[in-house]
Every structure is written in C-alpha cells, then in structure tokens.
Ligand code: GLN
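Take a look at this single chain in structure tokens; it is the form predicted alone.
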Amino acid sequence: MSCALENTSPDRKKTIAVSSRLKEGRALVEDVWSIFGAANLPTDCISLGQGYMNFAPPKWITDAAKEALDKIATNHYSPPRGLLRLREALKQHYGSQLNRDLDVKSEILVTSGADQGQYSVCTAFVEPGDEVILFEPFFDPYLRWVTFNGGKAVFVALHPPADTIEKPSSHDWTIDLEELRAAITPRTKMIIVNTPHNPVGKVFTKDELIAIAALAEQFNLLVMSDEVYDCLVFDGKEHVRIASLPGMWDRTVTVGSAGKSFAATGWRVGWLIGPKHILQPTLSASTRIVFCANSPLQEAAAAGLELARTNLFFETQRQEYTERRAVLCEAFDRLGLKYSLPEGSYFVLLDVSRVQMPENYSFPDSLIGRGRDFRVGWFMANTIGVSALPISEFYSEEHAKIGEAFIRFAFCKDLDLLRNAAERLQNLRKYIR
C-alpha cells in the first residue's frame, strides 16, 4: 500500500507562502539593475549605469592579492573580526580622521563587503516595527536591509536644485531640517547617512552633519554613516566624518569599502568602525551571516592601505576621477542639458526633463508602471547606445516624481570609453526640446 501523499493542490507553486518582508522591501519585482543589465541592452551599448570599473586595481595591490594566494594561512578562514593586518592598517588610516586611538580588538570589524556589514548592523539593532530614516534618493539596498529585519523605512527627501540655478552642483540638493525632525517618532531607531552620496554625489557639509547629530543626540538614535566614497571628494571639498563630531562616536558606525577605495568592487571586502557596544552585537550577527570575509583579499586590502600614502594613491586617483568627471560633464554642456556637478562619488545626475521621445516609440513590458526616467533611459540605451540608470527606483512611491526628472551616469570608466560615450551622447541633441 502506497503512503505517498495525494496532490490535492491546484497550484503547487503557491503552497509555500513567501515572506511579506520581500514584498515590502520591493525584492520580488524586477529591479532597475536587471532591467538595465547587459543582457537586456544592445550588445554595443556603452554602460554608464552601474558603478563598476572597466579597469583593474593598481598592480601593486593585485600583486599583494596574488602573494596572499601563495600563503597557507590566507587561503583559510580569517578571524571573524578580520585579519589583524587589515585591522591595523584601518587603525592607521582612520585613527587621525576620527581623533581616536582605535582598538583593533573591539572597534574595527571587517565584513564581506560594505553591504553585508550594514545588513549586519540592521540585524543587530533593528527590532520589528522600529523605524529607520533614509534620505531620498537612497541606495536601494538600504530598504531591503531595513525591511528584511522587520523595520519600517521612513523617507526624507533631499530637495533638488532650484530651476533658477543655471549650473547646479550636488551641494544644491538640500535637507529640510524641519522635515527631518518631523519624521522622527518614538519608534525611530536609526538614521542612515550616505556621504559622499550615491546617486547625488552630495558631500554633506559640517553644518548639515552637526544638525543631524543634534537630532540623533536629542532622540537617542543610532547613526549608520555609509562613507564608502570617502576617497572620492573633489574641488577641495571637505569630507567630514560624523563620528568625529562631539558626542557622536558612541552612537555612530562608520562604513568603508576596499571595492570603492581601490577599484576592486568584486573583492567584497568592507569594514565598520565604531564603539565596542555597537560592533560587538554586529559581530554576533555578522558571524551568523557569513562567518568571515574573503581572507586573501583582506591581505591585499591591507597592503593597499599600507602603501597608499607612499604611492600617493588617493591623491592620484582623485585627479584621475576629476578628469573622467570633466569628460562626461562637458558632453552634457555641449548638449545644453542641466546636471548636478558631483562634489563626491563617481556619479552624475542628468536632468532629462527636456528629452522628448517619439510618441510611437515601443517600450518593453518591464517598464509598465515605471517612471518617465525609465523610458528615457531605455530610449537612450537603444537609440544612441549609452545606458544610464533611472533614479526614481531610489525613491519611495510618495516622492518618486522627484526622481523621474533624472538619470544617473557613472564615470568610473577609462577615458577612452567615456570619450566614446560623450560623442554618442551628442546624438541625443535632436530629441531635446
């Protein structure tokens, strides 16, 4: 006699319910990265949408990675806190900037990329129903980290530059402090600050950070400061670490990334800097998620930090990115389109509200229900062969209309590719009204 269970379900795909957190975090819909991924675009399209480089890290860093592979120890698990050599290098790099003698045993945590580190912070501190404030536009994984851990994202929009500003910069994207204060409730647990900002390129001023810090102190909030683009600040602007402000060390975790610092985004080596009472619970969460970060590439990241000063690496890199930024921005100037000149990061937001697409142009079903910026981005990729990223994806539904006027270009590419893209972009002229 067979004991097999009889299949009585009309649709076995629906027998196991998906977590509501995936729905709330917009994880189940086809995201912007998939829609504008290489598989969906013309084969000869120049991709300036996603923020990965088309050049290698410096040879002296990749040589360190190769040397690490020849060692026995660095082919195996590293301590969950990270290799001591990397933590020592981070102590030297960050200590003076934070005005602290960092403790490598308790105040530095190496993670499997900055993303995993920030997810671990949310796992360690966000309770179901806790609210986390995000500045819009926001790096879209923030929403997932909050909702996957049972929290609720609360959105405060950065205000775009006024139309009267002829040559806006990322500085002209501003915070309304009264709106920020009004967003704080008894359930607010944390504020995520991203400076230099992705996708705006805004470098938060010291005054802005002091104001945010005052609210964090008043309402006893944790601050997660995503500073992965800290090495890319232009035009003499100052990158201020909010953790260095009076009273903020005890409530701030500072986030960094080898991928952004050394043009090695696939290495997935990041780090968190903060007080023991924040990093110890975060370590407890992190070890249950990945246990430890990539061992040989931690060794290479350590070598990168150790040799960066001798090789003037960050100064040279900043000059190179300034030149790359100029190539792209000059192309926009030739078109007569407004853009926000970024003071940091490697992204430029272009105002595409004057781009007029043909009325009978056919768009794929994946763009149904999406903002106008999605259609402009798709049209550009398929008509002139340059892709960029629509940023309404980085907004809540409430504020998505703000994002529909802009698309994001990444200039973390070599000069030849950027110059080629700049020439292709001139074909957009006939569609500008």
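These numbers were taken from a predicted model, which means no experiment stands behind them. For every residue, the number given is its place in the sequence shown, counted from 1.
If you look for the form predicted together with the named molecule, you will not find it shown, but the lines that follow are about it.
- Checking 380-388, 362-370, 44-52, 60-68 against the named molecule in the predicted complex, the stretch whose residues place heavy atoms within 4.5 Å of it is 44-52.
- Scanning 119, 262, 347, 339 against the named molecule in the predicted complex with a 4.5 Å heavy atom cut-off leaves one residue, 347.
- Contact with the named molecule in the predicted complex, judged by any heavy atom within 4.5 Å, is made by just one of 138, 229, 271, 204: 229.
- Proximity of residue 170 to the named molecule in the predicted complex: non-hydrogen atoms within 4.5 Å are absent; the residue sits far from the partner.
- In the predicted complex, at least one heavy atom of residue 198 sits within 4.5 Å of the named molecule.
- Contacts to the named molecule in the predicted complex (heavy atom within 4.5 Å) from stretch 398-414: 408 only.
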